[in-house]
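We begin with a single chain expressed as structure tokens, specifically the form predicted on its own.
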């Protein structure tokens, strides 16, 4: 595998459906990092991931995995990529012992001992049929399989949705261990932004098929803020200075994207830190400008 700077490069990715368009999506996932891919359900996260993995055929754009065109040599690069989906992709009549035998013949780097160690760590039974597994067990099984063939890239599509906080934290810890090897990278789509705030290096925010923000998480959090003011002060704030405003009878909270500039311009205003959840909600409401 040749040397590469970005584990994933997506440029101008387009896909048209009736009623939805993935509109010229572009972002990179630097090698050795975890990128959070955030947005509402239906925003285009799965369409982007399925295009990247060759599950659906895009209408336009360029995609690279490990510095190579992802439409070429799929059999080669897929040996080094692991995908984890919201739904279990394995037949419900299978068990872990059977899956081990199957995947041994699919992945050249498959390691049965590693797989068994993850089964033990996750307390997953080797002979119980997957159809009898809980949602959390199914997700842990996918992750155990994903981490047992030496993959250099994990692609997670809503992998922690529906899991309880204890299981989610356990899985996030596994991801952090995986990233101890600086050759490894993760693209993790989720609408649970609190998970990504804990572990993501960078964030890409998609809404209605368009990328609204992409960059280092800490930079995005540092530049954005929630400006809080009374109704009379709100009326004097230039609409060009904020993304959208949540307005109540007593006052308003406005998301600003240039916190430092707004602090200078509106010197008496209180500007609090914004979370990724705040940023997502206020950007989603940007066309309304005002909401309650």
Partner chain sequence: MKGLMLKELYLSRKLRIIGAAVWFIVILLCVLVRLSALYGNIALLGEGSAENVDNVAWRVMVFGGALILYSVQFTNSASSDEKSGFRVFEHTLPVSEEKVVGAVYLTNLCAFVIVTAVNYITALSACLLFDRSFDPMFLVCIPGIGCAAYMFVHFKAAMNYYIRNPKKSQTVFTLFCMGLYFGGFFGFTRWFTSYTERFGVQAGMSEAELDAVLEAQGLTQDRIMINFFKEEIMGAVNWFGHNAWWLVPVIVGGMTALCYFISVKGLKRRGGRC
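Residue numbers count along the first chain shown, from 1. In this text the structure is predicted, and so the values were computed from the model without any measurement.
What comes next is about the form predicted together with its partner chain, which does not appear here.
Among 179, 103, 221, 137, the residue placing a heavy atom within 4.5 Å of its partner chain in the model of the complex is 103. 107 is the sole member of 122, 107, 216, 133 with a non-hydrogen atom lying within 4.5 angstroms of its partner chain in the model of the complex.
Taken together, 234, 237 and 273 are entirely out of contact with its partner chain in the model of the complex: none brings a heavy atom within 4.5 Å. Shown alone here, residue 192 lies farther than 4.5 Å from its partner chain in the model of the complex, counting heavy atoms only.
The shortest heavy atom separation between residue 57 and its partner chain in the model of the complex is within 4.5 Å. Within 4.5 Å of any heavy atom of its partner chain in the model of the complex lies no heavy atom of residue 161. In the model of the complex, residue 152 stays away from its partner chain, with no heavy atom inside 4.5 Å.
You can rule out all but one of 207-215, 111-119, 88-96, 179-187: in the model of the complex, only 88-96 has residues with a heavy atom within 4.5 Å of its partner chain. Along 136-159, a single residue, 157, places a heavy atom within 4.5 Å of its partner chain in the model of the complex.
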